[in-house]
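Only one chain is included here, represented as C-alpha cells and corresponding to the form predicted on its own.
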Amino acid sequence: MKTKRVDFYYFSSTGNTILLVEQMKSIFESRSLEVQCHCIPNVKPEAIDIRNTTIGIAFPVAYFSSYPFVWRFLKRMPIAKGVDAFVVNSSRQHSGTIRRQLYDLLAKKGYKPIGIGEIPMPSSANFQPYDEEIYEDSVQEGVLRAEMFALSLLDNSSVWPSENMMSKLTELFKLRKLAWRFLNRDFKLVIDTMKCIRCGICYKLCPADNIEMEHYPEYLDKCQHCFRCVSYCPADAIKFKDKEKFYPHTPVPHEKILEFSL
C-alpha cells in the first residue's frame, strides 16, 4: 500500500465482519499504519476524506449481494483520482457477481482497486441446529484468511480475480433486485408481546431504522434482513412468521455490535 493510513468502512450484521476487520486492523497497526474504522450506516459517504489514505470496505454477503444500504453507500462515495481501495467480504457460500460489480463501481469513480478478500464464514441465519465446534473452527479459519489478505495488501501482492463461471451464472438471476422483495414477503418478523421484556436492544441494533420503540417494538417497512434483532433478542421474543425455530450465529455479543456501530 502506498499510504500509512487506512480508513475502513464496514458493516457487520452479527459479528463475522467485525472479527475480520479487527484482525486486519491489528496486522496493519503492527506495521505502523494508522487505522480508522467507520460504520457504514452512520457515515455520510459524500463527506469521506480520501486524502492520503487507503480505503477499505468490508461487509457480509447476503443473497449473492449485500444489503441495499451498503450499495447506497458505495454508489455515493466521492469521486477519487488513483486512491487505493480494497474490499473484504464474508460469505457462507458464494458471493455472486460482487467481485466484478465492485471493481467496475470503484474504477468508474476513479479508485484503484488493489485487492478483494472473499472469506468464507458461518451463516448468521440458520433454521436448523448447527455444530458449535464446527462453526468456531470456521470462524478461526476465516480470521486467519483475513490476516493473510492483510499481509498481501501490505506487500502489494493482493489481486482482484476475474469472474468465474459460477459468478456469471448467478448474474442471470438478477438476485440483487429480487431478493429483498422475496424476503419482505415471505420472512416477516413478528414480536411476541408475551415474551418481550421491552429492553430496546432490537431498536438500538437495527441499522435500517426499521424499528420504532413504543410500548413494544414495532416494525416498519424498511427491513433489510440483517438478522440482528432476532439474533440478539435476550427473551427470544422475535420470530420469523411461519417459521418454527431460528438458530442464530452470534460470534460477538450485542454490546460489541453497538460499540462498533458508533
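Note that residue numbering begins at 1 and tracks the sequence as displayed. Just so it is clear, the structure is predicted and the values come from calculations on it, not from any experiment.
Heads up, the form predicted together with a small molecule isn't pictured, but that's what we're talking about next.
Contact stretch among 100 to 108, 74 to 82, 115 to 123, 140 to 148 - heavy atom within 4.5 Å of the small molecule in the predicted bound form: Contact-bearing stretch, as computed: 115 to 123.
4.5 Å heavy atom contact, residue 61 and the small molecule in the predicted bound form: Contact with the small molecule, yes.
Contact label in the predicted bound form: residue 158 to the small molecule, heavy atom within 4.5 Å: Judged by the heavy-atom cut-off of 4.5 Å, residue 158 is well away from the small molecule in the predicted bound form.
Residue contact check: residue 28 to the small molecule in the predicted bound form, 4.5 Å heavy atom: Residue 28 lies outside the contact set for the small molecule.
4.5 angstroms heavy atom contact with the small molecule in the predicted bound form for residue 226: Result yes; residue 226 sits at the interface with the small molecule in the predicted bound form.
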